[in-house]
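Listed next as structure tokens is one chain, alone, in the form predicted on its own.
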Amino acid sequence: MGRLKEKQLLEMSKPQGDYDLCCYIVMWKGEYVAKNLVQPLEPYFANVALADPAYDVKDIIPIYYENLGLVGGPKGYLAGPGAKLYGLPYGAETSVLAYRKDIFAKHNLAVPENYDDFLKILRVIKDKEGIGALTSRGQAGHQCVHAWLLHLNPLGGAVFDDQWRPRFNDKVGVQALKFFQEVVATGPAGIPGYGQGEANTAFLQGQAAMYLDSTSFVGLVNDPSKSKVVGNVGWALHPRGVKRASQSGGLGLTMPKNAKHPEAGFLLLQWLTSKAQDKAVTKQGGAPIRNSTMEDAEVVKQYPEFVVFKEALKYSNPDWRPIIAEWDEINIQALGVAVSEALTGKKAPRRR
């Protein structure tokens, strides 16, 4: 991930680039706009010679449109006055809970509705079944911060308060980190070294009874060439803490300011994120970005879990992380080190 960003920064800093479209991770949008490397899309959509009248921007899932596309509004990255569209979602996600139906039935376990139940069931599964309870990312840097944020937000925490004062190490931040430590203690071996791929594999290979992360996982879970748990997976909303909250993030497409053929890039952008293409990608196991795809009868028949995913979108939070230009540095170098040290036992979680 870091190498991709380095190459993109170098490429987009040239007088003229070799690429007309750029695929970015949500955390990078603020930095790319702040460095004047990408261009707003509204002028292209206003150009009747380029804009497809059947495109239907309003069909894009609003939370994904805001989270991945808008820059310049409240806090610098939310919808509202001053917000401009710099990208479109393409591989967006929110967080849901996947669980092994067979294991839960075997031990007469209820799917955790809240974090109190969630905490209790971790140890029960580890003791009764002998496999990891919950798989998770845990690798130092972005991966462990991503996993910690999955618990911080529903428990009522945040990285900064509304005045941009740090609050990640308050009572709730410590509570979320202690919960994460229990995930490591009861999970499959190796979580402190897990990236997203390793966390996914642990669940797919039957080494964990639960998975809490991205809706984009559904394609892999249902692919018998990659998954040993096909047919044994149920889906539920992200457990409630002091509130119901789920992650918002993923990938988007943007147009570099130094694009050699910007009009052609915009036409490709429209096609890639069109209704027809979104449905086609989703049917192949991709993550949908449009309401029409989420509600399509053919798609829902193939992926009945989309009923749960649609409900989860009601709680998806565009302010899940502060998507400011400085976030990547904070995420990887500061929080990414501190959370990792807690997971590996180098330091103990405590308030300051």
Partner chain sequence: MNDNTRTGWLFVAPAVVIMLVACLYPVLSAVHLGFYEWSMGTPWSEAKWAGWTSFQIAFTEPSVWRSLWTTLKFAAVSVSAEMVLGIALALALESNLRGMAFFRSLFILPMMVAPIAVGLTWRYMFDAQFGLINAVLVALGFAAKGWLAEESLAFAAIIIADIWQWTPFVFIMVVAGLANVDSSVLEAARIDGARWWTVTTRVKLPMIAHVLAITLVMRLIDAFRVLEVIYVLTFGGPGESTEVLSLHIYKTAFIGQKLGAASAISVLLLVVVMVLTWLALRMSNPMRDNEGDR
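Numbering follows the first chain given and starts at 1. Just so it is clear, the model here is predicted, and its values are computed rather than measured.
In what follows, reference is made to the form predicted in complex with its partner chain, a form of this protein that is not presented.
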Heavy atom of each of 78, 84 and 319 within 4.5 Å of its partner chain in the predicted complex: no
Heavy atom within 4.5 Å of its partner chain in the predicted complex - the one residue of 270, 201, 232, 277 that qualifies: 201
Contact assignment for its partner chain in the predicted complex, among 156, 262, 190, 73, heavy atom within 4.5 Å: 190
Distance check, residue 95 to its partner chain in the predicted complex, heavy atom within 4.5 Å: no
4.5 angstroms heavy atom contact with its partner chain in the predicted complex for residue 109: no
Contact of residue 37 with its partner chain in the predicted complex (heavy atom, 4.5 Å): yes
Its partner chain contact at residue 195 in the predicted complex, heavy atom, 4.5 Å: yes
Listed range touching its partner chain, judged in the predicted complex by heavy atoms within 4.5 Å, from 305 to 313, 323 to 331, 284 to 292, 53 to 61: 323 to 331
Within 222 to 260, the residues that have a heavy atom no more than 4.5 Å from its partner chain in the predicted complex: none
